[in-house]
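The form predicted alone is given below as one chain in structure tokens.
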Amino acid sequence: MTDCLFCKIAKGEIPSDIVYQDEKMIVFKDINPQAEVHLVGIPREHYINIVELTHENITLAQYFLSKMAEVGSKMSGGNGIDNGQFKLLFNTGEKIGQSVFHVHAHILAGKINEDARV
């Protein structure tokens, strides 16, 4: 996909504050944080949402979920926030709040804004 914001971030065409990356995925700080820790994780391959990813590439889906849990635990615990407790959130579909149609997960930890919209 040529005009996907997250594909451009994954390719390094748009700068981001990366906290984790490997050959399959990237995790970066959200540009509009809704919590003390607010990260966004994406697979480098383009899938519209988590449902499409699990249907088309279950191996990548399992890897992505396990790495997101690992990064969430490290980033919240390593920052001394909530002893490694965090929220992992997927928005699937426009009506529920998905605004970028490239599968992504939000990691939220610490104080979360009362009117947070992620």
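Keep in mind it's a predicted model, so treat the numbers as computed, not measured. The first residue of the sequence shown is number 1, and the count goes up from there.
Although not depicted, the form predicted together with a small molecule is the subject of the following passage.
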Decide if the three candidate residues Y20, S73 and A109 all line the small molecule in the predicted bound form, where lining means a heavy atom within 4.5 Å.
no
Since exactly one of F64, F86, Y47, F28 fits, which has a heavy atom within 4.5 Å of the small molecule in the predicted bound form?
F28
Contact test in the predicted bound form: T59 vs the small molecule, heavy atoms, 4.5 Å:
no
Indicate whether I9 is a 4.5 Å heavy atom neighbour of the small molecule in the predicted bound form.
yes
Given that the partner is absent here, does L5 sit within 4.5 Å of the small molecule in the predicted bound form, heavy atoms only?
yes
